[in-house]
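Given next, in structure tokens, is a single chain: the form predicted alone.
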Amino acid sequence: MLELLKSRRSIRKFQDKEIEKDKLDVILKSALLSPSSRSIRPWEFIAVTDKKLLEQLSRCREHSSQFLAGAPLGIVVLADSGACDVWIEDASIAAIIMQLTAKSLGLGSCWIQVRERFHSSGERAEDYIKRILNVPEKYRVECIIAVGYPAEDKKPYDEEGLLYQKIHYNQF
């Protein structure tokens, strides 16, 4: 697991290659297996493979989301905010588990933050996404995970560079 964590990097350039259905299924199953506070499971996931929709979603933010247009898959992570007071945490846990699963399958991924971000027109990014994907009002969008076969190489993290000073035992 430590090697997986060290090698998982944010990938923003993807090969023009479709993700096999069995790999997509494993990624989505991993999300459904994610821990959830009190097992409420407030999350929902929209797997987007349609190129036109991915292009539209890539414009959900003024900056830092355009690379989604080049990904073969975008997974929109949302949750029913009324179902659970820790919906953000539950959705975030599911999102990172999908990223780690994607890495274990030889895929790359990158988190695109949506909650509390804005679309270029001043509209909230999540409202823009909800409009495009017909998401019911009660749901909140946490992020989009871009997934695909990497078209860039990034060196794994080096344990020597870890910020060990951030670890405390028993007291700060």
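Quick caveat: nothing in here was measured; it's all calculated off a predicted structure. Residue numbers run from 1 along the displayed sequence.
FYI, the form predicted in complex with a small molecule isn't displayed, but the following is about it.
Contact annotation: of the candidates Val147, Ile112, Leu57, Val141, the single residue with a non-hydrogen atom within 4.5 angstroms of the small molecule in the predicted complex is Ile112.
The partner is absent here; in the predicted complex, the one residue of Ser64, Ser34, Ser37, Ser104 having a heavy atom within 4.5 Å of the small molecule is Ser64. Between 104 to 112, 133 to 141, 44 to 52, 22 to 30, the stretch whose residues reach within 4.5 angstroms of the small molecule in the predicted complex through a non-hydrogen atom is 104 to 112. At a distance threshold of 4.5 angstroms between non-hydrogen atoms, Lys13 is out of contact with the small molecule in the predicted complex.
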